[in-house]
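Consider the single chain below, provided in structure tokens and representing the form predicted on its own.
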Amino acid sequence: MVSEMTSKERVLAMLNRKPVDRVPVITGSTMVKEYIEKSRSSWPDYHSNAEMMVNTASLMHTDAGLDNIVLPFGMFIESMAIGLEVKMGRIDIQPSVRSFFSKPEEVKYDNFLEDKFVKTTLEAIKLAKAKYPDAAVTAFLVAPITLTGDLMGAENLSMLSIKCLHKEKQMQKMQDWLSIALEINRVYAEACVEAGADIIYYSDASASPNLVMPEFYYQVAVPAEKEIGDFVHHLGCPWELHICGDTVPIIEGMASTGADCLSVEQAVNMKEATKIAEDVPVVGNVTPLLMVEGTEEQIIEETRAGLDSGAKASMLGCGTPPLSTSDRLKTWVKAVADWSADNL
């Protein structure tokens, strides 16, 4: 019988493949409209105000009962810091990147850590660590293939990913872009770990089989994700890898990156994914929309199905939708606790 754990101990035990007192409940994002309003934060200030960000994000832990606190809101910080155009969204829509560079030489990142949004992330990590030492403070960063797509444009990434598999010159072009993304990844990850992040959560949405061929994933993306993952481990920090879409064709590659757990979405057959990943923990695949419009029965049924199929933590298939409601989030957390009581 494992004695009662703090949230941080519970999540780190899961990542280290050790016994837990109950299955962790974790998320990849925490920008929830109801909590923004409850914490009296205001758009768009909560993207550049560390106290507002922590006050909102922490409600996923203190009110809903999730085990981690994720910072920052959204996947735009890296792009904003190097000068790309970002549409800031609104209280219920996350920011999105709207421009890209024409060639790698245009990307300037010498002053990356001086950007106000990067500084906000680092300040928020420090603040969350101080206020909630028992929570697993998680830095949400953009992984190398997705950041490469932001740099060159997602459509250009998709086209070049096909060409580079057959032509050495095109492969060199891809590597020129990718090397810049990896350098930005390293600078940002090191700063987040120094600020106190317990975990780095890397979202590599553009590495999805929906956008690039599995052959590209194995030949180009796996070495890149392993390179940044090894760097994060060298800093003494565990890391998670999330890729969108039906990732079953690339689960073996995801597991080979050295990630401490793999996050998958609802399109993935959890039983098949856990079998392929072998001893690498797989989490996720609870349909995010259930947190917006799901019934109690639907939330309980899908949560238990994922755990019955071998998930080592319960997590939504992608980020938490901004229109999620606190009562549904609490139903989800309770479903995990009840399953744990029945099965651990």
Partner chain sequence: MDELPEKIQELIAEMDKAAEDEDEDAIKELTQKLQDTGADVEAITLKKLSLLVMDGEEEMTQGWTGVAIQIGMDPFKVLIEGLAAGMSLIGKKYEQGEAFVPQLLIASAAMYSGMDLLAPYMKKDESSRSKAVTVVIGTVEGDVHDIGKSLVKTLLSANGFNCVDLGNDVPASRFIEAAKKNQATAISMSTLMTTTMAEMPKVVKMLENEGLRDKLLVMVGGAPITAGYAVQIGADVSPHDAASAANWLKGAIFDFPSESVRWD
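What you see is a predicted model, and the numbers here were worked out from it, not measured in a lab. Residue numbers count along the first chain shown, from 1.
Below, we turn to the form predicted in complex with its partner chain, even though it does not appear here.
With its partner chain left out of view, the stretch that reaches within 4.5 Å of it through heavy atoms in the predicted complex is, among 221-229, 173-181, 149-157, 255-263, 149-157. A single residue from the set K271, H233, R90, K116 has any heavy atom within 4.5 angstroms of its partner chain in the predicted complex; that residue is R90. For the candidate set E301, D63, E293, E37, a heavy atom within 4.5 Å of its partner chain in the predicted complex is found for exactly one residue, namely E293. Put simply, K108 is far from its partner chain in the predicted complex: not one heavy atom of it is within 4.5 Å. With a 4.5 Å cutoff on heavy atoms, I162 counts as touching its partner chain in the predicted complex. Contact check for L211: a non-hydrogen atom falls within 4.5 Å of its partner chain in the predicted complex.
When its partner chain is considered in the predicted complex, L289 lines it closely, a heavy atom lying within 4.5 Å.
Along 97-113, these residues reach a heavy atom to within 4.5 Å of its partner chain in the predicted complex: V97, R98.
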